[in-house]
Structure formats: structure tokens, C-alpha cells
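Below sits a lone chain in C-alpha cells, taken as the form predicted alone.
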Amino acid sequence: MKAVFNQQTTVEQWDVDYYHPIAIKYYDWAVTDMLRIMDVPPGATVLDAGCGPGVHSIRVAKAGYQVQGIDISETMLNHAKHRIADSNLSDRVNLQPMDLTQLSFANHSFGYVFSWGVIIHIPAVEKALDELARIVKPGGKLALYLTNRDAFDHKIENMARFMLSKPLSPIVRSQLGDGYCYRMNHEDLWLWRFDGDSIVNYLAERGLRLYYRGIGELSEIQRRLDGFPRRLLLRLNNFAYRWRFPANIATTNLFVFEKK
């Protein structure tokens, strides 16, 4: 499944899907809030585990931190390198190719780690979680931005698929949630919809206690729409985030864990 992340068209599609001008405000708020909740001290180094084209590495660097970005895709890293250079932040961000299921960092390497919408695409998600838990220092924080299996979006989609007799591809049930594969740019892309409580329990067994859980995006249906309906849903996402709607109804959640 690595092939889909190495395609130029994937970068372009994700720019359109996720970084609409209205959504930029949400990401600015959310990343700033994440750093505040993690209580990252000035000048500290933050690991962006699965940095993709670098958009959140740039946000963290602009906030005054050093960033170590890693990603499995050379295409994504190349885009990240150019975007970081265009933002005049090359002195604050270091990039390195790496697989989240096989990190080369030593135990307890980082005090502050975040992985934004990345492990949702890793079939062997337990390996990625184990590796992320391993490299966090005692007393450090790990932030995960994850899809929520119980989101209202998914209930609407499930009902529509049932009525139209268009079920999802075969679903894999695991201790952490439901996973399935779909086609993107003629390649397979895996997606997990996580059970939040199961993620919390899994990481608790690895020495990380839940510190914070909050709403991310209320809905991602907007990615399938155009024009006014999309703009309306994007503004609803911003409103829901600012007014802190319940996390359990939202499509994505931010989890922050603290290591014992």
C-alpha cells in the first residue's frame, strides 16, 4: 500500500480534499491547541511521525519549535522539503525517511511526538502504536489524530450504503476498531475507524495514560461535495471545533497521552 503515498496525484488530491481555504483556519487552531495541551516548552524538538507534505511540521516550526519529520514516502518528503524551504523554515525542520512500524530511534528519544491522521492508514497498526509508545520519554506526551468509529458521519454513510445496497469492501474487525481497503489513484489505501476506548486501553498497557481527548473535524462528508454545500460543512466544522462539540460524535478526534 506504500505505492499510493508515492504518487504525485495523491499529494494533489489531498491538498484539494483537506486544505480548502476555510479548513486552514481549523488546522491552525487545532495544531496550536495540540501544542498547548502537550505543554511543549519553547524551543523543544517535536517529532512529526508521518509528516506527509509537511503542512503540520510547518505549523509547529512557525510556533517556535524544532521539528523532526519522518515519512515512508519519498514523494511526500520531497514536497515537504520544498514547502518548508518556501516557508524559510529549513533550519527548524529535519526530514528523514522512516517506517512507523520500524522506527530507528532509540527508546525514549523524544519528549513530544504527534502523528496526525497517519496510523489510520497502517494495517499493522499495533506495530506502529508499539513503536510510538517506545520512543516517548517518561513524562513525555504522544498526540494522535484518529478517525472515530462511532462518528455521526459513519452512521449516515452506513445507512445510505444499506439503502443503496452498496456495502463497504470486506471489513476487518480488530481489538482497536474496524478496517477496510479502498481504491485511490488505482492503488489500495487502508483505513481504520478506531474505537477510542480500545486505543486508550491499548496504550495504557504500554505505559501511556490518556491526558486529553477532544473533537477534531465534526464531518468529512464535505470532501465529497463542491460549492456551497462544501463551504457550509467546512464552516460547521470550524464552529463545532470552536464550541467543543462532543468528541464521540465527530469523525476525527485528537488524543493526547502522557507516558508514566
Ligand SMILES: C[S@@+](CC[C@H](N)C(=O)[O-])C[C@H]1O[C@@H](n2cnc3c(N)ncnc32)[C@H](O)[C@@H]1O
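From a predicted model like this one, the values you see are computed outputs, not experimental measurements. One-based numbering along the sequence shown.
Only in words, not in the display: the form predicted in complex with the ligand, which the text now covers.
Novice: Which residue, 141, 79, 92, 121, is the contact with the ligand in the model of the complex, using a 4.5 Å heavy atom cutoff?
Specialist: Exactly one residue meets the criterion: 121.
Novice: Can you pick the one in 133, 168, 98, 184 that has a heavy atom within 4.5 Å of the ligand in the model of the complex?
Specialist: It is 98.
Novice: Heavy atom to heavy atom, is residue 38 within 4.5 Å of the ligand in the model of the complex?
Specialist: No.
Novice: Does the ligand get within 4.5 angstroms of any non-hydrogen atom of residue 73 in the model of the complex?
Specialist: Close contact exists here: in the model of the complex, residue 73 approaches the ligand to within 4.5 Å, heavy atoms only.
Novice: Any chance residue 51 has a heavy atom within 4.5 Å of the ligand in the model of the complex?
Specialist: Residue 51: contacts the ligand in the model of the complex.
Novice: Just to confirm, residue 56 within 4.5 Å of the ligand in the model of the complex by heavy atoms?
Specialist: It does: once the ligand is placed as it appears in the model of the complex, residue 56 has a heavy atom within 4.5 Å of it.
Novice: Among 169-177, 111-119, 147-155, 84-92, which stretch has residues whose heavy atoms lie within 4.5 Å of the ligand in the model of the complex?
Specialist: Looking at the partner contacts, the answer comes out as 111-119.
Novice: If you apply a 4.5 angstroms heavy atom cut-off, which residues in 15-43 are near the ligand in the model of the complex?
Specialist: The stretch touches the partner through 19 alone.
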